[in-house]
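Form predicted on its own, single chain, as structure tokens, below.
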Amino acid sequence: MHHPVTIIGGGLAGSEAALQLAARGIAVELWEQRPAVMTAAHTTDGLAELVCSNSLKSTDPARAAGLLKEELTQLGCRLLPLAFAHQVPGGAALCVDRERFSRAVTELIAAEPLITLRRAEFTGLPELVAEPGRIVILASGPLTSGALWAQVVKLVGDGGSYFYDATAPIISVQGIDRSVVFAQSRYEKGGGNDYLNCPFTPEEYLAFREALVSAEQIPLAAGDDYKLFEGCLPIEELARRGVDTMRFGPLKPKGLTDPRTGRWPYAAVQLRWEDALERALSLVGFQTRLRFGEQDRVFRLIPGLAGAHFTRHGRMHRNSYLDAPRVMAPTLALKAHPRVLVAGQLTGLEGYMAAVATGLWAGINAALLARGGAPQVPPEQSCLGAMFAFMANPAHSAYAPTAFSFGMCTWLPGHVRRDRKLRMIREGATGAWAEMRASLAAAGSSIVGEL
């Protein structure tokens, strides 16, 4: 009798992997420590809870995030349909009601007879890995508990790496001054008015920046360096890097017209809807480590938010990940333990969709292993192939968290025009999807959508 596949972690990666395995008739034991042990960033006990924001990035296939979504759809992704089912306005981005999305994932997994959900902190990794025939998917995420993290780094023989990440505050729709704040999507994308926008004059912007850079911050853990993910910097760090840095980042005014002036504002903060009932909004790009009282004081200097009510403050947290080029293969398996697969942000691949992608592929490969087959590597010209090749590339001198981008497609020739490059990427990806489907079918693992 075969052991069930053990999945440690019920986030996006673990949930996707569990559903992929169940769809292939493989029994799963899914461990999630919440609510018994909470983390520094989660607020519920729901599976696949979105922590940092409610945006799964662009749906435009001319962008990396959009093409990755198309590829995951081709491979029978289980979480993307739930995300679209609980979509909220977000311009060209796929934004979701995070509570309803998490609830839908939790209910889907609870209804699956092949998935047994264990609500407890898992700390028996060495014993589990030592069991003959046992297959493990390690998807405990960047907020892996201290006890489990100690076992992980001992297993891989590496101290691991970390960076500091943060969440953005959420405010109630009540208290927003709509005589100042206006509804519009940048360049009228999506529904045309999917965001609320807080416009700055030059004087208001400079006063806000001064308050932001001088505000008191929550101290780091003793002995830690302030390592940051460059793709998602705290707003106060952006402000500190230059007077106009925020205006070329999350506060860029391009494509927004202030109805009071008929022109672009000097700068603008965008507010994104958090829920389908439009009761709460998050401040886009406002990840922060400011103390809660300072968030109340400083962020109310944003035009139109003087009376804002904060329903959740931004929080800083420490994220752990593995030195993947040294310890992982492009199949997502540990080099030293080929029946242990790693998924989610422990791989160092950053972002919600990378977590879903690694969970999907880990589920597919775990099913192959469970049936006596060999794990597969995605084709080079696929999004997954490019991501996993980047992750496992031994040429990295210092591996850092990285979101999927077209720059990972190393098979592209250099110095080609953007439109030609996008066409080549799309054509290569389309061929790679067909290759993946044929390869998996030959290996005895059909795409979920064909079952």
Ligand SMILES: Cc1cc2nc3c(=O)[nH]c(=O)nc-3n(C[C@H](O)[C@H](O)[C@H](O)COP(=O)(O)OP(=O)(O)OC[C@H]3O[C@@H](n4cnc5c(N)ncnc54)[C@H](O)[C@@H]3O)c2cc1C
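The first residue of the shown sequence is 1; numbering continues from there. Just so you know, these numbers come straight off a predicted model, no measurement behind them.
One more form of this protein exists, namely the form predicted together with this ligand; it is left out here, but the text below deals with it.
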Q) Contact between residue 392 and this ligand in the predicted bound form at 4.5 Å, heavy atoms? A) no
Q) Would residue 76 count as touching this ligand in the predicted bound form under a 4.5 Å heavy atom rule? A) no
Q. Looking in the predicted bound form, any heavy atom of residue 344 within 4.5 Å of this ligand?
A. yes
Q) Given that the partner is absent here, does residue 352 sit within 4.5 Å of this ligand in the predicted bound form, heavy atoms only? A) yes
Q. Taking 377, 385 and 438 together, does each of them reach this ligand in the predicted bound form with some heavy atom inside 4.5 Å?
A. no
Q) Of the residues 97, 236, 71, 165, which one places a heavy atom within 4.5 Å of this ligand in the predicted bound form? A) 165
Q: Heavy atom within 4.5 Å of this ligand in the predicted bound form: which of 122, 195, 205, 101 fits that? Just give me the one.
A: 122
Q) Can you pick the stretch from 197-205, 248-256, 136-144, 262-270 whose heavy atoms fall within 4.5 Å of this ligand in the predicted bound form? A) 136-144
**Q.** in the predicted bound form, residues of 299-321 near this ligand [heavy atom within 4.5 Å]
**A.** 317, 319
